[in-house]
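Subsequent text provides structure tokens for two forms of one protein chain, presented individually as structure 1 and structure 2.
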Structure 1
């Protein structure tokens, strides 16, 4: 038995309780992963609850889009919002619902009334302006602002407030005692008396605050272990006080360090906008590039750092500005072609390790081995380079058939144009030709866009390596042939060649032996440029096969023409 399995409570119930959002952030994904692994590895339950007590931020149906991301990662919940997985199975439901806090108001109000009746809570009538003044005052004295009971309003005052249309909030009467914050990751620590103020538990709009709803729900959803981001650490004191006042059980707590960017900033959904703003500034743009965002969107976006572009808008703008958006959400990584199992593995390694120099593992292993005793207290920087390396390894280890299947699944969602261009056989050929150099599921598509070009309009790239391969601008020794010469010669050879891998290779080899000193590379590179437009493509014969005979010959002709005009 390890140090954190609790003898008194088993099996454990953990929960992931985000506010509604269309996207799952990697930090949230890791929290969910740890909660899931802990519960499932001990025969317990993993619950999802939506914390939508902020009416301003609770929006539409897309508000739980992150459920799709969780499911994609292989993290399934035993209780929570109902979700129909792509494989047809239904996830969620359960006996302790509803799992949206906005639907549990009666429950919260019942318990707030209990506190009110017991004198552990009271109504407070302060206006926003009054509170602001208090805060300013505290700030001037270089103190943290702590709200304290300000006395019962007189009947007169009460009448005046009512006449003004004021609506009271309910505040919790915090005892002036030191509070121990229980934490199995950071260690139990004591908050000095007076640190917790009389915080609001019911807002003016009748909704409970986060602190109150969490405590009630954790109790009634039978949550035994709460693992959440470190930003909640100090809040735990409030929760503990509330639990004591309400007579609730106390779950075991563990606070997880945050995940940071390589530059030490906190990883945030605003990072994409940050990159774009920088590019706009550097490139000195004063209007949105064509086919990106509307002028209205553009100007409101530039007017305030707090405004975020829509995903589609951000992607379009990034393409136009030729910048790469940082992946922040799970969905971003999916779009970039990362494998869910690799993301889970890598995420788990940020803040936890199984020891013994083990780095590669799957969720089953994680579930088996995960425990709070090996969770790190230090924040980790999210290293995309290492993630990519992990993904590359997983891609290389994949069986050919699996690779093709998964690339196809990726293409259906993100690269449909390739499915339109290639038949099943060609698709498979391209995938296998690209497999060993693909670091992501998206790479077979991203790096082979030349296949989508028409033979009549494929652009040829004019750069140093292209000029070198074609022999443009170079002086030749007597009798030697340039890459361009090879191209001219190969045109007729290919025209007479069967369009099949070995035949192509054989014919080119034969030619190279006679005219290129056996150096096939000096023939293959010009061909590659002609067929793909640049010096990088899948193995040359596969490339020609995919472009097709007619297409290759036409591209050759155009390339020769283009190269001749260059010199």
Structure 2
């Protein structure tokens, strides 16, 4: 089907409906992006709905995290929860709220009662033990377990169940008919009669299940198109049966392929957890490192593979263990310094093809061109190497002022310690000094942590390159000076020097011409080691300006003492 042959419903309304259980997974972000592009490219509306009927998995903080992630990506919604964006604008609201399912219980209960009154639903009082017995019986008969109506309990049985403390669920009475699962991406599929069991539509806690709430909300929020992950494909059979029983419209469905890691494993939030558990095991830790997680959280986490640490706890533990967590959620990529427009570009390519060998495009292009005809049916492979290359290209193409502005915005949220350490002039100097070798917005900070070190505690890296530059252990020709000799001499020269780029370079070059055969590198590299602790830093004169005069002189003194102790 080409984009021109899609069913014409004007204007289209799409929705993205996350459960608030954490930050937005990149797979969910891609779904939201496609829903947004489809609707907005056709003059329609994009709706956000928070599916928080699973009270065990939901939290208010998590729902705000989802909204923040979407807004950062530039995916703004026409209707949905109100969110105050960083630029001061408000996103959301609308005529079909509330947009949190937990606030729509009266509506759900009204339509559940309609089904009960019509005999299309019934109360089921089975205990957990009875349900387990039913499953075992099906297993013994080598049949898939499918719950069916077991008869209406008598008034006496109901009273007995209530006295036992039982609370009934409400189940939908599924018709024993073949069900066509409509899909504009994968093609329509027919499930044989009897495949859909009598599924629960209201739980014991009084909340509707996902299957029921989603059907009611799609109807009353006027949703015309539903795009979601392929894992929901068979759920659609339940939804169309409910829609028919309630007399609701059927939206147009399209199920999107999942996103996988390059090794063909599913890209899961548990990937982070696996990295942390492996590191803890390899390092033989029996207690949490200081300032990471509490002993209670630590014990609970290690006791069960099903328990995961909070995002902040996982980041703190990864920092202490010196391991890098794989980016899985949108917020992970934001923390790592990826650009939102690059993430959107890359996610779009992981499931849709623009054709004509086009790879680089923005959301405006996607909105104009997106159609179901080019949505891919097979799982996408999330190539982080290619993503980093995309981001690097975008960073290199950025104007200097834009680069500084965006790095500052990143630092406000994720690297405030650099803003506290550097004044505005120094911050700009650092950004421009590192722009050419920065692949992400976080690179200027991650690679220059030496600026945050105290002048009294900066560690000096003891490796071959450092020893060679300082002349530690080397045999010198008669009259030749070592890097350490240069440091001793430069200390007094720098102490008398004006702290400006040209003055520093001129003083060092004059010294090098006389004492290092004009080889400025023989002088600059020892200075770099003293100021930064290693052989890699921004251009040396920028590095000295960033460290400051007093800091540089103190670091030179400490480096000289350290190097002399190694000789």
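Values in this document were obtained by computation on a predicted structure and should not be read as measured data. Residue numbers count along the first chain shown, from 1. Think of the rigid core as the biggest set of C-alphas that the two forms share within 1.5 Å after superposition.
Selected structure - criterion: the form predicted on its own: Looking at both, the form predicted on its own is number 2.
How far, in degrees, does the smaller rigid part turn against the larger one between structures 1 and 2? Domain rotation angle between structures 1 and 2: 13 degrees.
Once both forms are fitted on the core, what is the Cα shift for residue 535 between structures 1 and 2 in Å? A shift of 2.9 Å at the C-alpha.
Superpose on the rigid core and then read off how far the CA of residue 455 has moved between structures 1 and 2, in Å. C-alpha displacement of residue 455 between structures 1 and 2: 4.4 Å.
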